[in-house]
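A single chain, nothing else alongside it, follows as structure tokens in the form predicted on its own.
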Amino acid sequence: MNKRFLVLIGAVVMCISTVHNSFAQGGMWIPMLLQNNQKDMQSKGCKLSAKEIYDVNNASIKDAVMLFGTGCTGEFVSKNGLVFTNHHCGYYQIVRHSTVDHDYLTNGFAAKSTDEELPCPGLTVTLLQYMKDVTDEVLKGVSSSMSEQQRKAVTDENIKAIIEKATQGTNLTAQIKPLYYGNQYMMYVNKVYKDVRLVAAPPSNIGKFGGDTDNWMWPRHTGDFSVFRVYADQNNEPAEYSKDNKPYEPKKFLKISLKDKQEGDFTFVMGYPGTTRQFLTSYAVEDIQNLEDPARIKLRTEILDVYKAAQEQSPAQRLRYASDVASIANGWKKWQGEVKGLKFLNAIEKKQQQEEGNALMKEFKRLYDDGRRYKMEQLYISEAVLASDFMKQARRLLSLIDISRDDSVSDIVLKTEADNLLNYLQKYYNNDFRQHRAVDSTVFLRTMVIFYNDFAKDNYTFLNNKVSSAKSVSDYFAQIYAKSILTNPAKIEKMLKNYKRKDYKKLIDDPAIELLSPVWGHYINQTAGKLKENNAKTDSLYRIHVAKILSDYNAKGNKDVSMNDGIFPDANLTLRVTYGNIAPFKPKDGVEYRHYTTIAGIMEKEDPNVYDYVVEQKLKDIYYNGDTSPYGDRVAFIATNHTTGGNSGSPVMDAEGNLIGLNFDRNWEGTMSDVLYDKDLCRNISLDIRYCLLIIDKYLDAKNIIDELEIIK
């Protein structure tokens, strides 16, 4: 950080005007500090104390909630380690175990005994043991005169020492994360369980009913659940997969309520929300609304069109691209809603009004103006250049070329890298490459044409010269794909089997490498460093900006910044609690949605000609024969809990802490809640736990699972 920037920060801290407070909605609260919310929660209907939700000395609800995998939430629902989460959270594992002959994705799956449960290598669940405020320890030795780099060096060293002290000689892991842009630091000490097995999943026409069309929408009729089990060693401790492992015995599991949920009922959600950005300035919101989200939407629309057309060709193709489509479409749909919501709320103008008189805004504007090009280049590299498998393989090939040029890399290491790449490519080519080639070449062509027209031609003169020599932009990229060694499996495999250091000279002339090398080189050698520097300066400025917001709040007589009119720390994939009430909503004039949906809505949406709206005959039989007792016919419900990505699979609980639903989405009109929450528009969407049980019991015939649960009628 340069001296000019440091001087500016010091001056602004002294003269910054009083910051507004308009964060008074929503909230993702730190469980350890939940006593500050207890009075408010109970006034809204909660019948639990803060300690019943989070306690390190006694079993509490936090012991029933886990980080599922690396970006979802799950919860224990039995004394034998049974876990509920969303279907889309278990999607990869379901697809992974599916074949054309045993298509669990299409037909569903239910283990009738623990012997039939399916191991999921690589899948973990993380259980929080305790959290601790370590702000003073992390900031020890930090001074206001330090550059951002110096500050980071000191805090990184402190964090390393704190974590080592907390975990040494144990089977615990720990991480320390900043809150409020580094004004506070919290340590999370965990146990990570590595033996997790698939127990049950509904057919995709239930678990993903409505598909991408209904994604992020309300009303919703999706049975979005899957069931897993956590295993441990003989001492109930984490262990690698073993047939000798036993079902994990949790300190706490959730009881399940079959009671009706009424409008106004208190609910709360505990889980691992991923990212919110409530403190962003108007400059950041303007970039999101007008540049970043529209670019991502445009690119992903092209990719989804290609993959979905391929899926219609055969069941095998549908399976092949199922995970890709689900992953790509989720963000694609969310960003559309985010743009719509930000515009509807006039978010940019609201932010600008809040920023009036704030002396930091001039520097914020300069930093966003300076960093915009770097951020967009990063976006186009990830969303366009590396969108196709072709370019992903070229990136791996480029890495091999780079180490081949490095004389410090031994021949043994080089040979190992070549062998690893060969093994990877052989698996890729063996997966019906001939059919996939037509799909991937189209993805490559469409995304690279957009990349060139929307970004590269104004920023990469080296690419302009090459494109100008071709018949057209499209023809230029088509020729690259057609002529590359990467589309000739026999040729690339022959080279890698007998790879020598000098062979890189043949590879650098490959059309794919000739395209990628300067693009990737420009990003790595020029853009990445500038972007990192710009981000560091921006984060430093946000730290001061947020500190002032909190300081102003405290100056009004409020002592604890963890419960302060909504000035909660942004979500960062750590355990949080959010609460609200079941409520309908009005997305626009003349339209009002009730707070729940029923199976009748599934039947109304049925379209046998559209895969996402096919209704399974067995489900129709259950419904029309009136065989829904004791669960009833409700499918999903909405409430005012403030959730985001990472809350997928989170338990939705009633006033007594009983499980009543699985959080799985937000309404499309409210997806801007990561930036600006609005209590009238924002709703979390949850699967009614009774529909989950109905499918397990009556559709999957898995009464063994039902028998494990503690159900309150």
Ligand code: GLU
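Everything quoted here is computed from the prediction, not taken from an experiment. In case it trips you up, residue 1 is the first one in the sequence shown, and so on.
Missing here is the form predicted together with glutamic acid (GLU); even so, the following discussion is about that form.
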Original post:
Can all three of His88, Thr643 and Gly646 be found with a heavy atom no more than 4.5 Å from glutamic acid (GLU) in the predicted bound form?
Top reply: yes
Subject >> Per-stretch contact check against glutamic acid (GLU) in the predicted bound form, the hit in 47-55, 33-41, 659-667, 62-70 (non-hydrogen atom, 4.5 angstroms) >> reply: 659-667
Original post:
Looking at Trp216, Phe253, Phe637, Phe390, which is the one with a non-hydrogen atom within 4.5 Å of glutamic acid (GLU) in the predicted bound form?
Top reply: Trp216
Original post:
For the stretch 382-411, which residues lie within 4.5 Å of glutamic acid (GLU) in the predicted bound form by non-hydrogen atom distance?
Top reply: none
